[in-house]
Ligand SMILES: Cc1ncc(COP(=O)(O)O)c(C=O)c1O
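Next up: just one chain, as structure tokens, the form predicted on its own.
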Amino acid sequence: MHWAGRAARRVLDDSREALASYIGADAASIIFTSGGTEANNLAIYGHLSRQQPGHTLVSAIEHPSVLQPCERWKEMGMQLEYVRPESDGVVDVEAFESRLTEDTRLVCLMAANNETGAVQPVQKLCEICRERGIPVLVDAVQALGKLPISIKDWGADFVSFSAHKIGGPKGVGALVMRRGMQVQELTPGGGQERRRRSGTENIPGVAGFAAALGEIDFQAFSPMRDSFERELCKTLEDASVFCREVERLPNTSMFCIPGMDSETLLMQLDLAGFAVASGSACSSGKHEPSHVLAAMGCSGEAARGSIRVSFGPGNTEEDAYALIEELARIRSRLQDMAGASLEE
């Protein structure tokens, strides 16, 4: 009730209004969280814990923060079914629709894939599910700031976001919940966020989230990404770019260099000053073939030789070309070493 508390409340309310305006949502529908992972978990656990056992339908290319909570619910008796994407990385809406049942309690489909950047048909799926009264969770962490987003147009029941994907602070995100939806609170306590997510609000993080909205023009990186991919395939003729023929995020490129191991490439590129990934950055501490590429039907060799590059405000075309030159040098050096080993 004191002046300092009221000042903090104003920052929180103003930030909530700013995010609501940016994504076309009602301010009251926004729950601030510690990031996209918590937002996804709150939607999945919070919703399913209020449901009778049934069926959950999830795309096979979801982020681990969606896949793993759904697997936990499978262990508790919820039927779980995956829908694989087409070879171009995009999920077919008709494949989703054909697997919906009267017992389907939740459908999960991300707005854009965090590895390939492929944009998914979430609005079409939401329309189908809304007609059948089936709730949908859309993980829009990668899409925020990079694709046009209107929560009202999508009609999704739950939508998750994270601030650091648009240049905001790490450790803050949001879950947008459609009016009328309810979730079981995962962390009961002080009743913050309208008793949907207790705990002292991260006021500096939330303010930083709001301040970052619209500050980076991610569409400006599309020409750099496209130029990078053309030069890459010209320099390394057997390199292949995933999902190149479909709509993608403007700053994301995932490609494969046959015969190369991504773990080796990442270590060599790190030594040369490049920060890239072989899959989801959230799970980059463990080297495993991409589950996204596997779901697309890619071979194990292609998945193991894949690299993901994200372009941002600190990058120039010179950086992109330097990365290609370094990739070519690494490959040549490793091939020479392999040849020398065979001669011995």
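None of the values given here were measured: they were computed from a predicted structure. Numbering starts at 1 and follows the sequence shown.
Heads up, the form predicted in complex with this ligand isn't pictured, but that's what we're talking about next.
Student: I'd like to check something about H164: if you look in the predicted complex, is any of its heavy atoms closer than or equal to 4.5 Å to a heavy atom of this ligand?
Tutor: Yes, H164 sits close enough to this ligand in the predicted complex that at least one of its heavy atoms falls within 4.5 Å.
Student: Taking heavy atoms and a 4.5 Å cut-off, does V107 contact this ligand in the predicted complex?
Tutor: V107: no, not in contact with this ligand in the predicted complex.
Student: V122 versus this ligand, in the predicted complex: is there a non-hydrogen atom within 4.5 Å?
Tutor: Close contact is absent here: in the predicted complex, V122 is far from this ligand, nothing within 4.5 Å, heavy atoms only.
Student: Looking in the predicted complex, any heavy atom of T37 within 4.5 Å of this ligand?
Tutor: Contact check for T37: yes, within 4.5 Å of this ligand in the predicted complex.
Student: Is it the case that S65, N114 and Q142 all touch this ligand in the predicted complex, with a non-hydrogen atom of each within 4.5 angstroms?
Tutor: The answer is yes; S65, N114 and Q142 each reach this ligand.
Student: Could you tell me which of 206-214, 253-261, 133-141, 81-89 sits within 4.5 Å of this ligand in the predicted complex, going by non-hydrogen atoms?
Tutor: Of the options, only 133-141 has residues within 4.5 Å of the partner.
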